[in-house]
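First, one chain by itself: the form predicted on its own, in structure tokens.
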Amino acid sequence: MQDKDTLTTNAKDVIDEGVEKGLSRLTPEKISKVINQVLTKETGARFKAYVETCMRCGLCADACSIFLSNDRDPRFSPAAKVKQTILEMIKKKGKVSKLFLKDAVRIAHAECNVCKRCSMYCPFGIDIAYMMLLVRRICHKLEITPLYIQDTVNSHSATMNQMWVKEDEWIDTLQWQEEDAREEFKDLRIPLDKDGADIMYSVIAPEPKFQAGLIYQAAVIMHAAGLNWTMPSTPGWDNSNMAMFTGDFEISGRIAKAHYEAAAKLHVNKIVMGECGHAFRSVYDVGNRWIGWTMPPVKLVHAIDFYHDLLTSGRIKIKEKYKKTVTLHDPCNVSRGRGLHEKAREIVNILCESFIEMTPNREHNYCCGAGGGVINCGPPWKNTRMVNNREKKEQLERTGAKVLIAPCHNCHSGLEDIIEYYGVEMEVKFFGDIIYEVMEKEIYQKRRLK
């Protein structure tokens, strides 16, 4: 356990190989050219309105958990982050130094989760997340994106998944999980490339890479509910999208397109996505727009919506409620970004005996501190992330709960880091973990294919 009084960010001292090498290649001419190109060619009325409207009132400050975690240091307020980055670029017409750019990388990639909580409290509704993503776009075009998250984008580009999972490895993992599950449910299948199925189930690449048991659980839930479902064997199965957070819009669009096309090729009625927030954001509200659709071409359902329907309709029955005291983390992208927080609570109350709310909660909840691509910037930035997550740690501790439900992969991983780093006595679970544990299994184990 760390003593919070001894913690310092030392963020300016972080050495990120990708950033350092990128900076070494830059010239003053390249820097000003890229910045001015982005500011003049890739922005419009929205950006101009935000720049000219901000009154520096500071109402956004208390909305930022990173500001609160750093003892209310004014430099960490959302408005200050904009002032220290994009506004300075405008003021100097792109003629900024390499040292300035190194600070801009740190601020945009490690000190902002682009969670949009601050926008809720801005009296003018300024989208500061958009401004920070614009800084990341400039960093991308200058080739000074942090190394670890850039590697995930490279993997997306080469393999259409973020973990360098080869096609045969993906199929082998599904077959492995099916074989294991058949020891419990003899007639269970994980159908591959089933044409005309009602559901295509998609996951993020860390599942086959590190958490294959989550696919096992999903298959059991699908089987128990008697659903007509499938998973694609070819690229498009990974619904994550780190390029969305690095400003590489071109690859971000390719990733979203591959996901939609996998569903279209199989003629499914809808895509059910696993428990991930950023992935949902990328295909529901970002990737679709980049490639020209106001709304996705195939119906998209997040796991919260999916589980809620199964549990309230009785397709999944609960044998006995979960006994440990739980609290619920509201992921930014499915609560603040999609309004699924009430359904999440209905699920908790169906599954669990004892539920304690966090404060604040629902759309006002603090970010996990890992979202927006921050956790994907990797080990060089972990200590910075932990210091910036002190407020979240204190929020968790105030609940006194033994189990933290986090229906999002980045949230799950980031919250586990907080719990380990600060010594919080709490374990993190997905909704799928709880459902699998408490659901009625015996009646489904006796089912046979007709």
Partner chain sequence: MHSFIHFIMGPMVWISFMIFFFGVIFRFLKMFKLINEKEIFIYTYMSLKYSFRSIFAWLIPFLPVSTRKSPVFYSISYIFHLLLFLVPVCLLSHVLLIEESVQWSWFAFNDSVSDTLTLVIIFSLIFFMVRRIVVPEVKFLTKPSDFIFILIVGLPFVTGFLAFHQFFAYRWLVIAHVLSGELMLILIPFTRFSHMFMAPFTRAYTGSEFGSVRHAKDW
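All of these numbers come straight from a predicted model, not from anything done at the bench. Positions refer to the first chain, counted from 1.
Below, we refer to the form predicted in complex with the partner chain, which is not included among the displayed structures.
S.K.: If you check Arg75, Lys299, Lys92, Lys265 against the partner chain in the model of the complex, which one has a heavy atom within 4.5 Å?
M.R.: Only one option qualifies, and that one is Arg75.
S.K.: Here the chain is shown alone; which of Thr234, Thr325, Thr159, Gln84 has a heavy atom within 4.5 Å of the partner chain in the model of the complex?
M.R.: Of the listed residues, the single hit is Gln84.
S.K.: Just one stretch in 22-30, 402-410, 43-51, 418-426 has heavy atoms within 4.5 Å of the partner chain in the model of the complex, so which one is it?
M.R.: Flagged stretch: 43-51.
S.K.: Is Gly196 part of the interface with the partner chain in the model of the complex - any heavy atom within 4.5 Å?
M.R.: Gly196: no, not in contact with the partner chain in the model of the complex.
S.K.: Even though the partner isn't displayed, in the model of the complex is Arg338 close enough to the partner chain, meaning a heavy atom within 4.5 Å?
M.R.: Heavy-atom contact with the partner chain at 4.5 Å: present for Arg338.
S.K.: Whether Lys270 contacts the partner chain in the model of the complex should be assessed with a 4.5 Å heavy atom distance threshold; does it?
M.R.: No.
S.K.: Any chance Ala104 has a heavy atom within 4.5 Å of the partner chain in the model of the complex?
M.R.: So Ala104 does not count as contacting the partner chain.
S.K.: So which residues in 81-120, when you check the partner chain in the model of the complex, have a heavy atom no farther than 4.5 Å from it?
M.R.: Those in contact are Lys83, Gln84, Lys116, Ser119, Met120.
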